[in-house]
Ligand code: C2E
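Just the one chain here, the form predicted on its own, laid out as structure tokens.
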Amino acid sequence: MTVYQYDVCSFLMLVLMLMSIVLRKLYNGSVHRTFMIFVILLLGNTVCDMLSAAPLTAFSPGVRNALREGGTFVYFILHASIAPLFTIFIGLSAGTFYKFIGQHRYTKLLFSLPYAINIALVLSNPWTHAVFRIVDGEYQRGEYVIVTYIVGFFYAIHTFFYLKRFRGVLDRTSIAALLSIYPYAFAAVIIQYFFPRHLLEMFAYSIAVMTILIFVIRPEKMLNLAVGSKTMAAFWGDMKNIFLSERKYNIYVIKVISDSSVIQLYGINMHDVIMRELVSRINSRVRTLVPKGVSCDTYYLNYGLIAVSIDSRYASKDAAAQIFEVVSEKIHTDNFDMSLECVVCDIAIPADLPSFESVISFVDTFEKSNISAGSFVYGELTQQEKIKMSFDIDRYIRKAINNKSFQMYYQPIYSVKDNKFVTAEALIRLNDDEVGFISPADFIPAAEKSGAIYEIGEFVIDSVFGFIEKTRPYGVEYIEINISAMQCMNDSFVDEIKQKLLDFGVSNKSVNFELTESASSILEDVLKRTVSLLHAEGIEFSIDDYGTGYSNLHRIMSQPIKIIKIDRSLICELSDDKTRAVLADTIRMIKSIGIEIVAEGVETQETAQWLIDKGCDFIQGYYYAKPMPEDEYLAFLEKTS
């Protein structure tokens, strides 16, 4: 009597594993989908194996023979697919299968030919009985059944050769789990060969599949259940596999600019709810962009950072714009409606980023970048835009520091009272030989984050202090120097300034330090101490960019401030009646407390005259003069003095 109880155990195990795969949604992506198909294939094989061996006493002998023969026939059809499908699964897990098998016709033929021979042999069995026959309800082997096992052995050798060629791609635990199927299956085949009534083969496969499910298909590593997407670990694994297999993909990196604000306002639990909704929207839209059945994966990389991968053959040119559209839509919950500020960048792999390391670098720096909201195609960006987006600006800053290639420019400032240019603002410039001009609005914040601001600040002070003496013959009273809040946090900053005044022989009245309004408000205590100590040495201070931050006159009055510089963003809006009224009141209040006013960004005579009429003391802008290098500035002074 045939012992088929092992098949019953195998059936129960495979059903439970299939339920686990479905319930945990482990069927997204080519690897997981192939694994699920493999489990279904084994389940079908197990059912057919039971059908060919179970007593079936409820049926007549004729029907029983037909069921046995049909079940055995389907069993061998399905069984022929086990070895090649498992080899494909291993290749997809390693990510290099397409490189190994998809580049040349002869490799495809070599891989497919044994499977085709096996299928042809089974299909011809009803006439040849080369694989099996059913005699009086009993299964008997055919003389060529050995071919099915030889084919399985071929694919096993193929797998070992493949893993040897691409060793190091999978970790040891995964390799051990994947290869466990062969000793299990080999032992079962040997036992079943000598004891044909004991159907152990499918049970052995089930044990192997369970091992793979535990050690290879790991949901905690591959899936972020909180937001319903694949994890960062899965993303890096898939990226490495893409490069190893030399495939072409489009990667869409989505950054939620307002992510930190969402966490602060609503807490981490509500943040996860919002991210889950965002990921769901992205998935829904992306699936409309690719043909049905084409794989596209979504990854949650970090707080506010999401990525989508699509085979380049199916990537739409406007996919980034469509993703941006859907992530910019309002999110509705029971408690609030909100819109997220997002940026989407479309990157072609490997055309835009040619190596796995370059992808790591881009994602890391893109997360830190200050790029504005919108959708971008990386390949269509200018070099300047790429620098801003990729934050590779740190390299150019370090290069400029090492090569001493920063330059100082000076923008003359017109004194209304003196009717001439008695001061100027010192402005640092970076013009790189590779990428050209890099705006201070880009490299100063980056330098503050990296710590390079201290070296840049020292360069600025040394350059200006060394230049001041050349301006004295032209009646320049002082030069305005921008200093960073980060510099003021250095305990030795005050002593360094005092020493440099002595070293360069510069009067303390010849310099005026500028601080931004936002820095003044955020780091009030630290700055107040530094400003007070330097003011005690006779150095005056200005508040720059007034009107863009959160300062008020009460806070400013608590510090020894000589000048307030009204930001160009307000000046540019003078055509608006409300802005004019607000600005007129602002100027009047500042003047009432005895602080001088510089209006920045003045570009027309009409604007300059309006500001002069309202009481501004100084006018700075293109209407009078643009920033210029030292030699041009000295020539300008000679001409206008």
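Each residue number is its position in the shown sequence, starting from 1. Bear in mind that the values here come from a model prediction, so they are computed numbers and not experimental data.
One more form of this protein exists, namely the form predicted in complex with this ligand; it is left out here, but the text below deals with it.
Asks: Is there a heavy atom of residue 69 lying 4.5 Å or less from a heavy atom of this ligand in the predicted complex?
Replies: Residue 69: no, not in contact with this ligand in the predicted complex.
Asks: Would you classify residue 142 as touching this ligand in the predicted complex, given a 4.5 Å non-hydrogen atom cut-off?
Replies: The answer is no: residue 142 has no heavy atom within 4.5 Å of this ligand.
Asks: State yes or no: in the predicted complex, is some non-hydrogen atom of residue 468 no more than 4.5 angstroms from a non-hydrogen atom of this ligand?
Replies: Although this ligand is absent here, residue 468 would stay clear of it in the predicted complex, with no heavy atoms inside 4.5 Å.
Asks: Decide whether residue 441 counts as a contact residue for this ligand in the predicted complex under a heavy atom distance cut-off of 4.5 Å.
Replies: Because a heavy atom of residue 441 falls inside 4.5 Å of this ligand in the predicted complex, the answer is yes.
Asks: Thinking of this ligand in the predicted complex, which stretch from 48 to 56, 597 to 605, 579 to 587, 610 to 618 has heavy atoms inside 4.5 Å of it?
Replies: Selected stretch: 597 to 605.
Asks: Identify which of 544, 540, 432, 201 has a heavy atom within 4.5 Å of this ligand in the predicted complex; exactly one of them does.
Replies: Comparing distances to this ligand in the predicted complex, the residue within 4.5 Å is 544.
Asks: Ok, 259, 297, 238, 425: which has a heavy atom sitting within 4.5 Å of this ligand in the predicted complex?
Replies: When this ligand is considered in the predicted complex, the option within 4.5 Å is 425.
Asks: Could you list which residues of 459 to 485 come within 4.5 Å of this ligand in the predicted complex, counting heavy atoms only?
Replies: Going through 459 to 485 in order - heavy atoms within 4.5 Å of this ligand in the predicted complex - the hits are 460, 482, 483, 484.
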